[in-house]
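Single chain ahead, by itself, as structure tokens, in the form predicted on its own.
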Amino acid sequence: MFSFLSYMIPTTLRMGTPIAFTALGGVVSERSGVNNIGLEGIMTAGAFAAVLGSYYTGSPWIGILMAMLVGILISAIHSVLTITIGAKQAVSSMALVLLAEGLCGVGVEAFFGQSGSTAQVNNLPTSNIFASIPLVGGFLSHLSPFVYIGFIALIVVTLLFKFTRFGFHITAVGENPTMAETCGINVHRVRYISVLASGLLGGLGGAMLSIGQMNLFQEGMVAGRGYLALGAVTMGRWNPVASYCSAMIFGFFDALQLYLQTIPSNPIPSDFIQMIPYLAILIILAVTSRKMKYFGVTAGGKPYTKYASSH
């Protein structure tokens, strides 16, 4: 039992944190009324940018900074299309996913002279700064710094919505933008900042995949985690803490399938084991969706622009 827990706890945190980062970003964006299905593309671009930054500077921390900046840049495109122009949010999101995946594929060949994956770079798999702490130092030091950054992000986003005026503005804009505008809240500005924040957090999620869990970028490495983050937002009912915990549930089942594959002479086919996280997630979402009385943000997915209102 101890060996099971000693494997599952750190692995759950490692597998769940990238989804949690992106889910927190999804909460901020969707609470403002802007759906961002393009989180998958943001994670992909963030993962590649993190490797690129680490490759050229030798510092994974610079890679993290680049991942955040690229996530903000992609979100800025989504913001202009959906907030200023009033384009369909789902269409804009999916276009950005395709754009990010295409640019990253071309970027791998352009910067590294090979296809499919990049060269290996400096990464951040552990937190050696905690190694000297008595009793728990060994456990804490084996966790990636991204895990601790994820805890900080959770606290910041939670405090944002609970105790700040801007958090109240985000909620007001998402529920009734017309009333919010009447009360003097700049709807466009609030939505822009919220969507850009989702890009920053999504970029962090992608960076953890490439330089937190691995030390390179591979095409397809995000593998639907951006969509799992959206599922975590829905399952968590647009609440930061609940969405974070939902992401960790997804991480648990991902860790479980990895653990089952380490068991010698396991009679369960490996293809079925690899399906466990996705089957579990589908079942959980089906059950929780049926019990939901609150189906999201009132003005979610609805543009609020002069252009859109006139059509």
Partner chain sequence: MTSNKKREILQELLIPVIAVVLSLLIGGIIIALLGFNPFDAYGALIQGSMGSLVSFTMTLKTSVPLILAGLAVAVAFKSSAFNIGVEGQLMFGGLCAGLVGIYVPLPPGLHLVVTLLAGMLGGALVAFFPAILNTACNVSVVISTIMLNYVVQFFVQFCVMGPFHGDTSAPATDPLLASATLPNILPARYQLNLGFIIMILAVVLVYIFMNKTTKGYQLTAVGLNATASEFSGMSVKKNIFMALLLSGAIAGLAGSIEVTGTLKRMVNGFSTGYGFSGIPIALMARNNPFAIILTGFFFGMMRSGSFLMQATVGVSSDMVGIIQGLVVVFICLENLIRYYMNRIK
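Bear in mind the structure is a predicted one, so any value in this text is a computation, not a measurement. Numbering follows the first chain given and starts at 1.
Although not depicted, the form predicted together with the partner chain is the subject of the following passage.
- Although the partner is absent from this view, Tyr278 contacts the partner chain in the predicted bound form, with a non-hydrogen atom inside 4.5 angstroms.
- Proximity of Thr57 to the partner chain in the predicted bound form falls outside the 4.5 Å heavy atom cutoff.
- When the partner chain is considered in the predicted bound form, Ile37 lines it closely, a heavy atom lying within 4.5 Å.
- Within 4.5 Å of any heavy atom of the partner chain in the predicted bound form lies no heavy atom of Ile249.
- Across the options 175-183, 218-226, 147-155, 134-142, residues that bring heavy atoms within 4.5 Å of the partner chain in the predicted bound form belong to 218-226.
- Here is the short version: of Leu73, Met214, Ala90, Leu160, the single residue with a heavy atom within 4.5 Å of the partner chain in the predicted bound form is Ala90.
- Exactly one listed residue, out of Leu99, Val241, Ile193, Ala119, brings a non-hydrogen atom to within 4.5 Å of the partner chain in the predicted bound form: Leu99.
- Using a 4.5 angstroms heavy atom cutoff to the partner chain in the predicted bound form, none of Pro10, Leu52 and Leu69 count as contacting.
- Contact annotation for 269-283: residues with any non-hydrogen atom within 4.5 angstroms of the partner chain in the predicted bound form are Pro269, Asp271, Phe272, Gln274, Met275, Tyr278, Leu279, Ile281, Leu282, listed in sequence order.
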